[in-house]
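First, one chain by itself: the form predicted alone, in structure tokens.
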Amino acid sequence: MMIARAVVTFCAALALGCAPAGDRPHDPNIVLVFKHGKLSGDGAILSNILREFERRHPGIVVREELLPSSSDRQHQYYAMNLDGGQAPFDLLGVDTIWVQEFAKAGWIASLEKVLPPAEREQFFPGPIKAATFKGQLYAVPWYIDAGVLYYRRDLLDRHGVAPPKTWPDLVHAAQRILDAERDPRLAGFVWQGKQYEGLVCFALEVLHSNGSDLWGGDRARAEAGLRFLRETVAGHRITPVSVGMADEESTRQIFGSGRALFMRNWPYAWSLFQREGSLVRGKVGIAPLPSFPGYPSAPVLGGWMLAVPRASAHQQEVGELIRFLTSPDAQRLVALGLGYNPTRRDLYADESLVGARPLLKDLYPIFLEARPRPVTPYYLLLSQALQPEVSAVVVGRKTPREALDAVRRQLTRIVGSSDLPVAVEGL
């Protein structure tokens, strides 16, 4: 009820009324086509925000065109339509890891004037870094995500165990509680181990939290991080062998059915665990991802941004639309109505918003520390080369040393030794 009342309040603040707008102009001067993946929740929330933009900008109509929820299919669509120098849309929602590629290819326009440098400090630093290519901003952060640790608060409390701050603490806590519970259906720690981007995210979180990286940094620490992934399965035995096929949803379902103590996932799962009928409702806690002793937590940055095709004939108008969609009022409404996390830092101190979504207090320090994946136009190629190597470690087909050798050979092959400093900027 609190969230529902807050949504109504903020709809009024935006003059949305949470109802369809009145008649649109019969002969509009400009139609802006907005392409983005389908958002979860009530689609009327974003639709009403767009209708309010139209009301404030007579003669402009915004037409939403939804893409499949699969990020791979969205990327394929954008690449096919932007590569020819023309695009049948004026605004696009982009994954944080696409901005560098699209900017280098000349597909999207600089947004330096849309969000001047002084205003960028109002946003979390990770998304701004991911949106910047060769010193210029090419996208504006729309909503933010980062990896987090979920834990069964009830079981930890029962056994007098604190939420783990280090990976060794997590292993010890899981083994202690599993030994005490003696429930063969209960797993200690579930995470995304399938050969896909989710595995890259978790691998980077583990290695970064040990002072290293897959493409550079301390070699021994990198191998130790990869070894930890395998040992959760084969050594410590706190992770099911099936992790090699696990993605976000399968791990969420395991944890949500009460069959895991700890889970690495994104913040979206929280609201699903709190729904009426959830087997873990009221039993879940959330915390920063652990790290290795002596190093900080290193959550990987996720989320989406707004960008403009260079071919759009309506650069000024779509720039105004971006400013409207990323304004405090619009982000507040999306946070309340759809559960997406704002990219503006000040909103995490907004008493009305935090009162309706208390989890934002816990997420703020996590988002503040969230690190982008390598900020490079070559990222997708690097990730595709990396995925089978890390997967081979997870399932025991390769040693960490063998996988790391292969990854670093692939890096040189993909970008060339002379381009390595550029390719790994921000690691």
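Start at 1 with the first residue shown and count on from there. Nothing here was measured: the structure is a model prediction, and the numbers come from that model.
Only in words, not in the display: the form predicted together with a small molecule, which the text now covers.
Of the candidates Asn341, Thr232, Thr96, Ser297, Thr96 is the one whose heavy atoms come within 4.5 Å of the small molecule in the predicted complex; the others do not. Contact with the small molecule in the predicted complex, defined as a heavy atom within 4.5 Å, holds for exactly one of Leu170, Met263, Ala103, Cys201, namely Cys201. The stretch in contact with the small molecule in the predicted complex, judged by heavy atoms within 4.5 Å, is 300 to 308, chosen from 300 to 308, 133 to 141, 223 to 231, 112 to 120. The three residues Arg56, Asp90 and Glu320 each lack any heavy atom within 4.5 Å of the small molecule in the predicted complex. The small molecule is not shown here, and in the predicted complex it never comes within 4.5 Å of any heavy atom of Asn81. Using a 4.5 angstroms limit between non-hydrogen atoms, Ser291 is distant from the small molecule in the predicted complex. Taking the partner from the other structure, the small molecule in the predicted complex has a heavy atom within 4.5 Å of a heavy atom of Ser71.
Of the heavy atoms in Phe273, none are within 4.5 Å of the small molecule in the predicted complex.
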